[in-house]
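This document starts with one chain, in the form predicted on its own, laid out as structure tokens.
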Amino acid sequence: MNFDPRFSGRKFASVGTRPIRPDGVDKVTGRARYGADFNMAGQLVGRVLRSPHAHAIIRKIDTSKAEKLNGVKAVITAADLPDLTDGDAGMYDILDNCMARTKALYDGHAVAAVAAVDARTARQALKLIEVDYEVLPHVTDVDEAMKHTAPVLNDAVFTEGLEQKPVKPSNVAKRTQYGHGDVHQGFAQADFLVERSFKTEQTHQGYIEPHACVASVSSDGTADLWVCTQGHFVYRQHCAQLLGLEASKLRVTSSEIGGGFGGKTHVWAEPVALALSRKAGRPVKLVMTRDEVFRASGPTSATSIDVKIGARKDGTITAAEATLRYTSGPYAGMWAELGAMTAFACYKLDNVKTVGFEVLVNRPKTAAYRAPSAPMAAFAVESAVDELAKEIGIDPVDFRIRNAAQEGTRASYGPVYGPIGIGPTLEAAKHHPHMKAPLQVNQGRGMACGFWFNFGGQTCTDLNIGMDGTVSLAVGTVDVGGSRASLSLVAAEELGIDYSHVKAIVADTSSLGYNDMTDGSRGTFSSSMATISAARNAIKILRDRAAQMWDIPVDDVVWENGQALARGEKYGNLSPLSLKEIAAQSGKTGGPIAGHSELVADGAGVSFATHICDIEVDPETGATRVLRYTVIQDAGKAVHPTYVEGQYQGGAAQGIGWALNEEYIYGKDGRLQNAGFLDYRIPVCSDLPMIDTQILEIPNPNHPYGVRGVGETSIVPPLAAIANAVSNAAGVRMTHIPMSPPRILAAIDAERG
């Protein structure tokens, strides 16, 4: 059956309702099995030795004393993970990050690992490993790293994207540029100009569950990996390639996930655990400590951004330009490129230019964090937009409405938009009660817009109908936000049965075809599309079985409301057959009934949001208090509205922490000084107001139900919305995130002169 992904505009019975989440009871009672909850018979404890230096040549590693320690079963270094990447630079960077080869490139870089009979022995063994380092100069600041006097991290890195190939290595791995029109001409037409520089500090996703896995490699070359991940199929591919295993012989099972937000899209400890198991001949369990999570797993980028925007007296933006510098850790990434693509995506611009620079620094390898790179770009752009509206004397919401992108607009990063929701979110914000609520002394209101691309990708799903009429749905997209409930609703909708009769599971890599990582807000979008396709394939079989039971042509059988109906007056004596009745006879009519689907889910549909925030600032201490927060976002179609609201609120909560408190703090020695939740302060309940939400539904034309991804866009506007609120409350423009009390006081003092 050819699958038609176009939006159909149908009415729904199950989709849009709010059933309880199927994994809720297990999670609140402790039955749910997370990464560290899994154990195998005879397993060993893995531990990793990490560099205490930000930048150092590894002259020699002596593991002999550790190997002789009673209870130690394996010790590995980079020699036990030979380079099998065949010239693939990206995979080599992953390999080098998992276990340093010639140089330690950041505080916390893995240099060796042990597997022992217990944790005490493993820790003791690490102390016996002797590493001879030659300490090198380091650089952790993005602007400092771009200077010609900065220590070069990798002599093999020459800046890509320049007109002329550079002759010297550099910490700038890549330059990218987007835009159209002539910005110089556009600025010449402007009556008002705002030009500002902004900085954001590096933050961590702050997931509660640390990275954890259990690896078991057998002598016959087969292997199992139980792991906390956002994408077990990708982990299989990466681990198999790095260890020289056949992908089909490595089975990866995803555990429940205690938070990921993009931070569990990369392998960190998993290849190390597999290498230890292969050498020891026994299963190895490896769980990162919180200190290791901060020092050695992927935070987001620190940035330095310059923005220039010009507009006429009537409020029309004539030109916009941004230069964005993003840290990527010691390895090349695409973080500045994403920032350059998203920076002005909310606006209709005739003249726009963005330039991004990927900058290597002695910090951990950067990873995604919910709409990676977009929040920092939005902070800079939306702050400048607010300031420009004030200069002109136009309400900031009206200014954005006047310049908002719409269907048919050529986006700043290239494509032409279809139906989009930026205009409706702004109109909703303008008329929202929050926007009209009174403010008191030292209080300010800010608002901002945000954008994310969304993604579809390779997806495979199995739908199996039991003889009792219940449905088992096997998906390959890891559930990071309630997608099992949403996909069960979709299956129930298509089949016309009750939600309670559908059970969704996340299958392991040996039980289902390949699925891309759960990132890019693709989980519900792509797997719901595959679920609809699989259900429709199952319905075709159900119709065929009903035709057999009635002994009539299958073309005379239709499927409506969970039952087969014989179409035509001549079949008036045939009573409808329910799914349960057909399933009960499946053994006599051809065997099990199932639907399968494999597809590439294209047309994910871009996503927009507008946030409103009220902040109170104490001018004597610089302390801030979030008084009220509202999220307005286009979901396309909210399959499970409660989960959609939860995504909106979660993004806002993380954005509040990022904007006001969270940052990596490095000392002059290049070492991370706050690697723990005591000193790296994520928001707690007392830091947050009740976060109001408003779901808009502008259907995505490329999905049968109109679904758009929602998980990432909600973290894009908060930095700017909060910065605008703080700036209005304090009476001074804030340009450095996080806006901690010392930074706010310094800005106020500087303004006073």
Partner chain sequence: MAGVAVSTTINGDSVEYLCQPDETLLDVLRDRLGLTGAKEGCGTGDCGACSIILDDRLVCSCLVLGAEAEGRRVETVEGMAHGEKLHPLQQKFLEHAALQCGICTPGFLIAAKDLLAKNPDPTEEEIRFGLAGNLCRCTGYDKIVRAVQDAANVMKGA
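Numbering follows the first chain given and starts at 1. Everything numeric in this text was worked out from a predicted model, so none of it was measured.
Just so you know, the form predicted together with its partner chain exists too; it's not on screen, but the next bit is about it.
A.B. asks: With a cut-off of 4.5 Å between heavy atoms, is R120 one of the residues that contacts its partner chain in the predicted complex?
C.D. replies: Although its partner chain is absent here, R120 would touch it in the predicted complex, with heavy atoms inside 4.5 Å.
A.B. asks: I'd like to check something about Q205: if you look in the predicted complex, is any of its heavy atoms closer than or equal to 4.5 Å to a heavy atom of its partner chain?
C.D. replies: Yes - in the predicted complex, heavy atoms of Q205 and its partner chain come within 4.5 Å of each other.
A.B. asks: Does G591 make contact with its partner chain in the predicted complex, using a 4.5 Å heavy atom cut-off?
C.D. replies: Residue-level check for G591: no, no contact with its partner chain.
A.B. asks: Looking at the partner-bound form in the predicted complex, is G24 within 4.5 Å of its partner chain by any heavy atom?
C.D. replies: Heavy-atom contact with its partner chain at 4.5 Å: present for G24.
A.B. asks: Among the candidate residues L696, I58, L49, A36, which is the single one with a non-hydrogen atom no more than 4.5 Å from its partner chain in the predicted complex?
C.D. replies: Spelling it out, the residue with a heavy atom inside the cut-off is A36.
A.B. asks: Here the chain is shown alone; which of E493, D614, E662, D107 has a heavy atom within 4.5 Å of its partner chain in the predicted complex?
C.D. replies: Partner contact (heavy atom, 4.5 Å) among the options: E662.
A.B. asks: Based on heavy atom distances of 4.5 Å or less, which listed stretch (716-724, 685-693, 61-69, 700-708) is in contact with its partner chain in the predicted complex?
C.D. replies: Single hit among the candidates: 685-693.
A.B. asks: With its partner chain taken in the predicted complex, which residues across 248-263 come within 4.5 angstroms through any non-hydrogen atom?
C.D. replies: Sequence-ordered list: I257, G258, G259, F261.
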